[in-house]
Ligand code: BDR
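Single chain ahead, by itself, as structure tokens, in the form predicted on its own.
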């Protein structure tokens, strides 16, 4: 079973990714970062989700701001708590006595060649870890992220929120040399929870009802801001290559992060060109491929698979004790 560490900023879709990973993978830990709200709020959300799901998984708090620019949170979409829409239980565990950066490094050291690191928030923790431990990229089985887009952005016309929040950090990660999978808005916007799905969840158990409330809030905010009729399941898509790989199709290409301060800051430049010559006077050469980029998805099948994971999750009433994620599969 694939070992995975989720680096996140919960977040409605982050909450779904945590459940999805715990259901189908060996979730060895959760690290938190600023993003959808402050790192204090996203960390509390992660601890509350662990309590809701009765997960025996360590949580480590990480960076509170980007490497260079000022922190700007995603509360416009995710609300004042970062995960508005349902009452989550009070945390029953505390964060571990280690910064997320050190937790990432130690986890990769302990599970060398086995661990998949999944950044589904801003990339700051991962970038700092790569800089602090130069061997980290070689220790990892790979990095599978939710971030970027090959088409339209959500925070700017061309930039997706996770990359835009800290482009310098994303640049470090994409240039690290670790095997990478990137799933961006061009795919994740197609994977969404409908109003009918929310009704199905609301008729389920305690966990399903909680997610119904979260999705209902998220869907309404996305409708008001972006004119989208579903609650986008961005973050669980980063886990798909290790759960149901046939659901998403990837294409290998070079990806570079735009670091300028203009309109394109934070853009993920994916070079899908087919150049037949390396010696061209006025055409920029194609660099070496560094990423598998998601280009298409079997969206409804993936939504149903995620829905099943939520609907089948044991309620707190039926669970006698906290569970390791690898005991649920």
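Residue numbers count along the first chain shown, from 1. On a predicted model such as this, the values are computed, not experimentally measured, just so you know.
Beyond what is shown, the protein has a form predicted in complex with the ligand; the following relates to that form.
Contact check for residue 125: no non-hydrogen atom falls within 4.5 Å of the ligand in the model of the complex. When contacts are judged by a 4.5 Å heavy atom cut-off, residue 78 counts as touching the ligand in the model of the complex. A residue is said to contact a partner when one of its heavy atoms sits within 4.5 Å of a partner heavy atom; residue 230 fails this definition for the ligand in the model of the complex, lying far away.
At least one heavy atom of residue 154 is located within 4.5 Å of the ligand in the model of the complex. Using a 4.5 Å heavy atom cutoff, none of 6, 33 and 61 lies near the ligand in the model of the complex.
Here the chain stands alone, but in the model of the complex its contact with the ligand, taken as any heavy atom within 4.5 Å, falls in 161-169 among 161-169, 133-141, 251-259, 207-215. A heavy atom within 4.5 Å of the ligand in the model of the complex is found for exactly one of 116, 185, 173, 240: 185. In the model of the complex, 234, 235 are the residues of 227-241 with at least one heavy atom within 4.5 Å of the ligand, listed from first to last.
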